[in-house]
Every structure is written in structure tokens, then in C-alpha cells.
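Next up: just one chain, as C-alpha cells, the form predicted alone.
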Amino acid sequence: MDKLKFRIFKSHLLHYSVVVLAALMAVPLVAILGKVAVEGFRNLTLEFLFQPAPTTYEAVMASAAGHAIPGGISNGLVGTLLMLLMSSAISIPVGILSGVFLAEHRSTVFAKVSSYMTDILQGTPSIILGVIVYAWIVIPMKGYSAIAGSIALCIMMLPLIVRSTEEAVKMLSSSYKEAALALGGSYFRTVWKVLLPSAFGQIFTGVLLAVSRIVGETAPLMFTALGCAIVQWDVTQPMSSVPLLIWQFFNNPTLQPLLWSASLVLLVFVLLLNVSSKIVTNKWKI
């Protein structure tokens, strides 16, 4: 009886220890979200989303007159969306095809080396990638541009998409492929019609997580896209992004009141991407 009570006591002790530790881990997250939400809602309006960032002069004159600082982050939102679209258009198909190759030819030397290099690329600091793209793209093009920024973001996305696709295809039962080939399907149709749809949930989740990772990157864009004070649609010219605007607001005391609202917009976008990935994962389980 004493042993039974002791085992029950250990079970309860472990349970409540896990609960307490989980609560302690959530404290910093709740504090960050609460601070950003409370401070960010003060300047968050429709005008904030549809107007470009103000100049220092406009901010100073508004503060001297006792008015709210005009302007917003529309130039950053447009730049972020354009660079995300361009980088995704390259990294998603290349990453998925590369992941399928690594999963299907995992025993070859080339696949093993490629998988190892993918892990190295995934661990490379983003600022190093920004410097490399600066040397590869910015200097030959003789100027900063959204194209250079998109390439830097594309390189950052690739390892996550490759790894998620590879693991998703590996999780599939070999009977999927064997049945498709036995019915006379070609290898291409087997991959396109059977393997990829079966692993769609995990692949799509990996894509969303890759996007959520790069959407908040600042360092590589400082070396490639640089930033722009107006809404820029020409991808061959310097272009702003929300993370770049947050950095600019932080370094300019007159624009710091806009810092929290820009951070809130970025945080909500990343949160929506992560929630979407969870929903997709639960809906399309293998």
C-alpha cells in the first residue's frame, strides 16, 4: 500500500511540475504579446496600413502641434508582400522537387551530401546570407533592389522546404508508390499524382513555416533591398519591408511611437501563418 501511495505521489508530482514549468515558459510569451498589443493598438488605424512611412520632419511638426504622427507602413507592406511572392515562386517548386529527390534517392552519395549541405545552409546566420547576396547580386547590378532581397529570402526558405518535403515523403508507406507503379503509372505521374498529394499537409505546413521565418528578417534585407520611403512597385529598385521599417522607427526617436503598431502588424501576420500551419497539419494527416 505504501508503495502504491508513493507511486501515486510521484505521478502527481511529475504532473504538477510539468504544469508549473509550462506556465513559467508561457510567461515571457504572454508578456511580449501583451506589451506589443497594448502599445500597438494606440496608432493602429486604416490610415496606418494604407499610408507610407512619414519623414522625420512630418513627425516633428505633428508632435510640436500636439497631433498624432501621420503616415503608416504601406510601403513596407507592399515591399514585404512582393518580396515574399518572388522568393516563394522560386523556393517552393525548387524546394519541393529537391525534397522529393532526397527522399527517393536517400542511399546515394549525392543525396547524402546534398542533405548535409542543406542542414549547413539552414544553420547559416541570415546576415551572412545577406552579405553573400550583396556580393553576388547587388554589386553586379550596381544597386540595391527587391530582386536581391528576394534572392536572399529564397535562400533562407529553401532548407526548410527541402527538409519538410523530404521528411513528409519518407513518412509515406512504400505501398503508395508500389501500387501506382503496378497500375502502369509512370514515375513522374506517381510522384505528381500520388506522393505529393498524400504528403500535401506536411509539405504545405513546411512552406508556411518557411514563410513565417523569413517574413520578420531584417539583416539580409539591409544588405540587399535597403529600403524605400515611398510605395515602390519596381522590383529593380530599392524597396522597403515591415522589418526594415521597424528598425528605422527604432533608430529615429521622433518615429518611435509607430514602432509598436508596426510590430503588432508583423506579429499578427506571423501568428496567422503559424495557426494556419497547425490547421493544415491536423486536416491532412498521413
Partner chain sequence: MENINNTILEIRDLCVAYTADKLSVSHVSTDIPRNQITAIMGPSGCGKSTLLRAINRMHELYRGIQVSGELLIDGQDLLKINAMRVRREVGMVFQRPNPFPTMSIADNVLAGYSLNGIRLEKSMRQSIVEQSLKSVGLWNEVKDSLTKRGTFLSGGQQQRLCIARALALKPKLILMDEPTSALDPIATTTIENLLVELKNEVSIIIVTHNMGQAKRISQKSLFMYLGELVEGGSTEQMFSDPADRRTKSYLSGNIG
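Quantities reported herein were computed from a predicted structural model and do not represent experimental measurements. Numbering follows the first chain given and starts at 1.
The form predicted together with its partner chain is left out here; the points below concern that form.
Contact check for Ser175, Glu178 and Gly185: all three have a heavy atom within 4.5 Å of its partner chain in the predicted bound form. Out of the listed residues Pro197, Pro93, Gly216, Gly143, Pro197 is the one that sits within 4.5 Å of its partner chain in the predicted bound form by at least one heavy atom. Contact with its partner chain in the predicted bound form, defined as a heavy atom within 4.5 Å, holds for exactly one of Thr118, Thr190, Thr205, Ser88, namely Thr190. Not displayed here, its partner chain is approached by Thr108 to within 4.5 Å at the level of heavy atoms in the predicted bound form. Heavy atoms within 4.5 Å of its partner chain in the predicted bound form belong, among the stretches 94-102, 76-84, 150-158, 197-205, to residues of 197-205.
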